[in-house]
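First, one chain by itself in structure tokens, the form predicted alone.
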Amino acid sequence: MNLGQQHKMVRSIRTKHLVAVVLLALLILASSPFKAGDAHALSQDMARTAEATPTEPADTIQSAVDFDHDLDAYVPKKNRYNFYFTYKTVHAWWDAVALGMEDAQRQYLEKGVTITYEYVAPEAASAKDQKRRLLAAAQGNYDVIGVDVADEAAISPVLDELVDSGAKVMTFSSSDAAAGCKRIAYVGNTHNYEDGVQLTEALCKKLGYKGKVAILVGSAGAPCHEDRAQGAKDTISKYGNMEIVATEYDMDSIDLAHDLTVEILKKNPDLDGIICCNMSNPVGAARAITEKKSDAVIVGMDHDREALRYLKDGVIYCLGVQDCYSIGFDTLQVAVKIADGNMPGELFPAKTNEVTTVIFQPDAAKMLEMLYGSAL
């Protein structure tokens, strides 16, 4: 079955559960940088968090990821657009965002509007690499340039430079530019700090508001990772019987997160908890905790299949799942409006807020079934 047939099948089903299973099958197959038309896998207001009870996991799960989208009533001014999107690093999280983009792309095509786009990133997060890509894109024939900011301080001035040169620039995904940046709009998670607070509050409550904890941040300078870590630090500081004994950067690497957790446990065998600020480090931390037979409680981010299995088994206590699909779908819609010369206002806001839902062990099996077709 080719991609067009897959999309047609997905559209005809129209039930969220089955749509999710079909789309996530593509996620499992995706493992390298992509362009428009490739198979990808897998977020609208402030973060919604809900600690599900064993009798209500389905309701929580269905609200976490919305696969049922239709284009709004806006009529594009052109019948062809070409976009450039770059993000932090090649990773399944951004593959999930891309699926939403592809659905919007297909729906536009059904209306007679052809959208092509580059969707590229380095193998490892690098502000230097991202700057190079953006400056090169500015020389290309793109209607809009979009970026998931790798480093707020380093990249925001580059975006200002592009806008001053006449480029139409937006940010998307998980990390916006610095306040005051000239980028036109942002679509994605606008509440990373609050997500860090929510996850850490859940951990503190679980630990009875006492104990030693560590923070695995992610990529140095990445706004989403840094903001979640700051939310965690500010929350811990409220409780006199809690202490942060280590803060480490794993660069969004499962293997590095594992190794850092092992080292933290060597120095702190009585560690009570770990706060994980990206999609990779809950997996690395859980592997280390299991390997070392530690009782440390893990809280973290997103929908990695292995992480969800650890959640189901009780190794991970809770995960903040972002609605990546909605992020991608809304990004493409906003890009079309920006390309047509529109500015934030009635058609789209300066910041499109997407959902994060905190899920717990009772939710894990249902989430695995919805996203991956099996609770195993």
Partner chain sequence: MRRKIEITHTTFVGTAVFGSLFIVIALSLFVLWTSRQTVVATDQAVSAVSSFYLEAIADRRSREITNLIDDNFVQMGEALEFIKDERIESQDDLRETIGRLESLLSLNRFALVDADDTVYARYTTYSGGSRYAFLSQDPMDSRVISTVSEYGSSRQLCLAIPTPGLTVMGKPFKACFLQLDIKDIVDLLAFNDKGRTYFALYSRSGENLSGTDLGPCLSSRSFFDATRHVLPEAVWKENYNNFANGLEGSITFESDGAEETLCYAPIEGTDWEMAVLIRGSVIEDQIRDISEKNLLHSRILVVFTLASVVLLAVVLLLQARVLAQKKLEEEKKASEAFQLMARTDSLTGVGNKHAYTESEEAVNERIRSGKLREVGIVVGDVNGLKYVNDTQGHAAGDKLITDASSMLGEYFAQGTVFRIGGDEFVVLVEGEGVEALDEVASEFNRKVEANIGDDDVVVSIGYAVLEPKDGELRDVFERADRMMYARKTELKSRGAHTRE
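These figures come from a predicted structure and were not determined experimentally. Positions refer to the first chain, counted from 1.
The same protein has a further form, the form predicted together with the partner chain, not shown here; the description that follows concerns it.
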Checklist outcome for this item: With a 4.5 Å heavy atom cut-off to the partner chain in the predicted bound form, the contacting stretch among 216-224, 300-308, 162-170, 241-249 is 300-308
Item to check | Interface membership of residue 114, the partner chain in the predicted bound form, 4.5 Å heavy atom rule | outcome: yes
Checklist entry - Wondering, does residue 329 line up within 4.5 Å of the partner chain in the predicted bound form on heavy atoms? => result no
Checklist entry - Do residue 287 and the partner chain come within 4.5 Å of each other in the predicted bound form, heavy atoms counted? => result no
Checklist entry - Using heavy atoms and a 4.5 Å limit, would one call residue 82 a contact residue for the partner chain in the predicted bound form? => result yes
Checklist outcome for this item: the partner chain in the predicted bound form has a heavy atom of only one listed residue within 4.5 Å, and of 137, 197, 158, 92 that residue is 92
Checklist outcome for this item: The listed residue (253, 235, 105, 130) that reaches within 4.5 Å of the partner chain in the predicted bound form by any heavy atom is 105
Checklist entry - Within 339-372, which residues come within 4.5 Å of the partner chain in the predicted bound form, counting heavy atoms only? => result 369, 370, 371, 372
